[in-house]
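Take a look at this single chain in structure tokens; it is the form predicted on its own.
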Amino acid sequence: MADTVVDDLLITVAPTGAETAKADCPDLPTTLDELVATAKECEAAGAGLIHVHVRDADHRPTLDPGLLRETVAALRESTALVVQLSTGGSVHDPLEDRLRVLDAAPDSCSITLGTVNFGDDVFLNPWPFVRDLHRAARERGIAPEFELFDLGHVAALGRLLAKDGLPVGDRVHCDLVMGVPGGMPGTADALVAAVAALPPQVTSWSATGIGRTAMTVAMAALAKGGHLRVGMEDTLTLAPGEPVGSNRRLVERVVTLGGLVHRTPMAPSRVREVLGLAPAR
């Protein structure tokens, strides 16, 4: 995939995730009120898309259909952000529950292109499940974000598109998730290799650096014309010993980085165009 000149910057915020316990990080937004407040702050700071994991009343990850629908509705009512639900859930969620995430009718959903070691766990994404998610998302008009944790996932994306066709709007957006123990490292060299291997159908891509790789990945992605995902799902410190405190601070940091290379944050309406979605109603 050739380098392209990109003037605007799609900033995704991933505020919660499924791994960090509320007891270990009290600032993590796990209630619906906290999530909506975070979404509003991050939209004002420059985010255009929100990647959502949901927690239950005990702050534990859940794929409860009612809570997913309630969350999507609340975020749409309170913000203009493109709402993306994770179909990854936690590493322990059954595949059938993860497929039913689409019943909540988000604007977008994540689709991981293969199984990967995830720290001490295994994030299971069998090929038939990946194809089912891709087809179901297209049938429902939901824009996928293809999550690529390794170079094998990059190759799998090309295979998926060749076998099952393009997503809604004929747009292909992917996110390079880098620095997960078990996946590709969060280095500039790894990012360059992954971008070079992206299939030609890809129309936009972003990158996520986990933990201490966040800044390296962000700067490399900006240099290659990519977009960025940040948030407390992926990063809990701004610097060694300095807690993030809020998702807004992570968004503000990459807005500043983007400004140094003349990249302006995308409004949610522009994000919808990039993902091939119809304008919000």
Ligand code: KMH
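Position 1 is the first residue in the sequence shown; the rest follow in order. Owing to the predicted nature of the structure, the values given are computational and were not obtained by experimental measurement.
The following text describes the form predicted together with the named molecule, which does not appear among the structures shown.
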Exercise. Hey, in the predicted bound form, does F129 get a heavy atom within 4.5 angstroms of the named molecule?
Worked result: no
Exercise. Can you check whether D107 is within 4.5 Å of the named molecule in the predicted bound form, heavy atom basis?
Worked result: no
Exercise. Is A155 close to the named molecule in the predicted bound form, meaning a heavy atom pair under 4.5 Å apart or at it?
Worked result: no
Exercise. Is there a non-hydrogen atom of S90 within 4.5 angstroms of a non-hydrogen atom of the named molecule in the predicted bound form?
Worked result: yes
Problem set entry | Partner-proximal stretch of 165-173, 116-124, 136-144, 187-195 relative to the named molecule in the predicted bound form, 4.5 angstroms, heavy atom | 116-124
For this session: Enumerate the residues of 6-43 that have a non-hydrogen atom within 4.5 Å of the named molecule in the predicted bound form, in sequence order, or give none.
Result: A18, E19
